[in-house]
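Below, in structure tokens: the form predicted on its own, a single chain.
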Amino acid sequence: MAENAIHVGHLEYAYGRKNVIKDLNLKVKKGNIYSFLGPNGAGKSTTIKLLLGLLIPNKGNIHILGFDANDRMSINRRIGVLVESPGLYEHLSGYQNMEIQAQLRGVQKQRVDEVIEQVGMKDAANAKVKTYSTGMKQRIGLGIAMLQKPELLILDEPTNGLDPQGIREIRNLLIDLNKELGITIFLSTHLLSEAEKVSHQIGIIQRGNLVFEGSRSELQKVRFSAAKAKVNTNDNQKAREILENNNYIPEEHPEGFLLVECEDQKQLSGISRLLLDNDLDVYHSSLYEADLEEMFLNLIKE
């Protein structure tokens, strides 16, 4: 258990009669970035509340950094938390906000200077928060979570509401914090692309059930198993007939192109050649990787 920053066993939680978390098991290795992935309503935020002691599980056990979840004093001094948007005083500067939080936590002022540097807010630290972009506010929020030199950061949708540039900045910051300071990061998100870029481990939750837990490479295998060819021609009806006559089962996408089960680029090339050899003009041919919903369906089916 000591090698895991978070160890959850057979966790269950219900709101009234509605089971929200069902026999959930998680193992987050120390030193890793773990992305906890799922659509809205899958149970991500409820799981975070259980980890933070804000909800009491109906069944199961939680250990964080080797401590039982009930030992909140030992846990809280070792973790940092950012749940969606940080609550900041807009009329004060980012630095002043961090000073207030440092005083509440009994942290020396010198630590504020260190953290401001670590989250890349040195140049804007003295500007008022109301002038900040959403990404800058998230950086200050991360800085506050870092004040106590945490061994573990628990972040719930830290890129929610950010533009692509802001998402990229927060992603790079998390990678740096993990790599340079060795902080374990548990990251709740619904963005599959971001999870694949930052994570050592990925867990996927759907309707309270963990349907996948593994490495990025293991997740890629699942994605490829659900991949399809996206094809568009000058006559998709004829293309469908040709594909069906050659043991393919094409589906028509609402946007007008055809989807065909396809494992890799080599098979994609064969599909294109088949259509060209039958006097069709191929306007588009590419691998259409499964989106999050398709992945869930594929995982549940497996």
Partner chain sequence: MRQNMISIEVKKIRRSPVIWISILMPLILAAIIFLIFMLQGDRLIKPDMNPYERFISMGVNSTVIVLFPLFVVILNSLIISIEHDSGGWKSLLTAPVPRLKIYLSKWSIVNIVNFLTLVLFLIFLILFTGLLAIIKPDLGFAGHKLDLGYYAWWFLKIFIATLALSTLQYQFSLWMKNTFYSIGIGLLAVIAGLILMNLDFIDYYPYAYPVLSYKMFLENALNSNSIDQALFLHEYLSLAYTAVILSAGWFFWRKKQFK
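Keep in mind that what you see is a predicted model, and the values were worked out from it rather than measured. Positions refer to the first chain, counted from 1. By rigid core we mean the largest C-alpha set that fits within 1.5 Å across both forms.
Beyond the structure shown, there is the form predicted together with its partner chain, which is absent from this document and is the topic of what follows.
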- prompt: Counting only non-hydrogen atoms and a 4.5 angstroms cut-off, does Q103 reach its partner chain in the model of the complex?
  reply: yes
query: Is Y13 close to its partner chain in the model of the complex, meaning a heavy atom pair under 4.5 Å apart or at it?
result: yes
query: Quick one: does G53 come within 4.5 Å of its partner chain in the model of the complex, counting heavy atoms only?
result: yes
query: Would L92 count as a contact of its partner chain in the model of the complex, using a 4.5 angstroms cut-off between non-hydrogen atoms?
result: yes
- request: Answer with one of Q201, N232, Q206, N76: the residue that has a non-hydrogen atom within 4.5 Å of its partner chain in the model of the complex.
  value: N76
message: Which residue, D163, E84, E117, D71, is the contact with its partner chain in the model of the complex, using a 4.5 Å heavy atom cutoff?
response: E84
message: If contact means a heavy atom within 4.5 Å, which one of 206-214, 190-198, 173-181, 94-102 is the stretch that engages its partner chain in the model of the complex?
response: 94-102
Joint contact, K30, N61 and L155 to its partner chain in the model of the complex, by non-hydrogen atom at 4.5 Å: no
- prompt: Heavy atom within 4.5 Å of its partner chain in the model of the complex: which residues of 138-162 qualify?
  reply: Q148
query: Is it true that I154 shifts between this form and the one not shown by 2 Å or more at the Cα, once the core is aligned?
result: no
message: Could you check, with the core superposed, whether the Cα atom of Q96 shifts 2 Å or more between this form and the one not shown?
response: yes
message: My question is whether D71 is one of the residues whose C-alpha shifts by 2 Å or more between this form and the one not shown, given a fit on the rigid core.
response: no
